[in-house]
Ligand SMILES: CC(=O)N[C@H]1[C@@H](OP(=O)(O)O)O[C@H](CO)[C@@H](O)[C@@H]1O
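This document starts with one chain, in the form predicted on its own, laid out as structure tokens.
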């Protein structure tokens, strides 16, 4: 390790004095002008991680659903998964080291993680369409090259596509070919196979309007269109030609504002969906005949997919276990429907996709979607092997067809923690196979009215929780107060949790009517304000 060269290069990417950033589930994310030194250092860190794992590591330059002026970076581990927690700590240490300490911190990490510095390193890099992404990915390349790592720059790709590239390279092409062409072919082949029995169904089922958040998803869907055009006709809106990234459009806007994206013409009962800026989230929506907006979020997506998979498992008669993983934010109606109607077991984890992902790995087939539309289906290696074996061995035609469908679903789900394109193809295939309109899908169950509020507090750390954030431990008396308030309303529940980034407490409440959900949320907010050191205006 040439520390002089690193010091010299680092001076070209100086750290603003006193800036402290934390590597979280989303990697690093902040205003783009504060990130040059972080990108350079993540290039260095990726090389160390590659040497340590003797694998290709990915670096993605993106801030996902954040505003256009933000940017960020996340590292992708060897099997296309999120960075290991111990390396999240290394990333935070390295990013926050003052200029003169940075080489020493780098050496400390390589010693702590037992990195063989003689080992070769290979990094793949991708970026979203933000105006700052190209320059920032060049800073990553500077970090990679000064540590003599080799790299391949994929340029403009969705975050899930970069995850795919990493996984392909580390499985020597067994998973697929590590090119965009390979990605499109793998997904489209599985989609066309899955839907081939139904290609004569009515056109209206097979057309979809897609709000691309003025992001990378638009470019990649355009490239993919001709691969799936026989099975699906997509019409793209907010394709980046004139609007700002994620501005008044995209999955995050639609979910949080509960209204249609700007820049998309929606007629009544037309099937529409929205991606986020880096195409790893998806939500569906439509307007009914009275012009009312209906959102189909991650809960309903998980319900549709897990119900379909459960039916296929029953058809093949194999005892593979399936589980759906939710957070406390999942609507109570979805949990009840899954457990009581579909007889699918549901588990709850702390908020954050890494917690859901980890829990989902415990099942043969683990399905998880956050309410915001970020999620996927994980098949264990044993389940995948079993299903692929059954497609070859089964003689009963119905069972064989069900096993083949499961095999296609396996091929459609990318290794990433969420891929809006593959999620969209699976959803479209299921709706077509089950002959469901978007209204019929929406009517599987009715969401309970809910409300989310924020309460400013002097110190968010006074709140601690247990039971996957559904119960408050401290401050004393707060959980009892919430329990008493919940008893006053029908079909109600409420929980509070501290924000991970700012001194606010997030309040969630649901009840039998919107009026009651709002009333419960306000009452719980007041209890938080009084018992947990609220500041500013009383809720």
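Positions refer to the first chain, counted from 1. Values in this document were obtained by computation on a predicted structure and should not be read as measured data. Between two forms, the rigid core is the largest collection of C-alphas that superpose within 1.5 Å.
The next section is about a form of this same protein that is not shown, the form predicted in complex with the ligand.
- Checking 441, 329, 151, 237 for any heavy atom within 4.5 Å of the ligand in the predicted complex turns up a single hit: 329.
- Of the residues given (370, 428, 364, 407), 370 alone sits with a heavy atom within 4.5 Å of the ligand in the predicted complex.
- Residues within 4.5 angstroms of the ligand in the predicted complex, judged by any non-hydrogen atom, belong to 348-356 and to none of the other stretches in 378-386, 348-356, 136-144, 432-440.
- The closest non-hydrogen atom of residue 483 lies beyond 4.5 Å of the ligand in the predicted complex.
- Contact check for residue 491: no non-hydrogen atom falls within 4.5 Å of the ligand in the predicted complex.
- Although the partner is absent here, residue 65 is a contact residue: one of its heavy atoms lies within 4.5 angstroms of the ligand in the predicted complex.
- In the predicted complex, residue 476 stays away from the ligand, with no heavy atom inside 4.5 Å.
- Residues of 10-48 placing a heavy atom within 4.5 Å of the ligand in the predicted complex, in sequence order: 25, 26, 29.
- With the core held fixed, the Cα of residue 135 is displaced between the shown form and the other one by less than 2 Å.
- Comparing the forms between the shown form and the other one on their rigid core, the Cα displacement of residue 504 reaches 2 Å or more.
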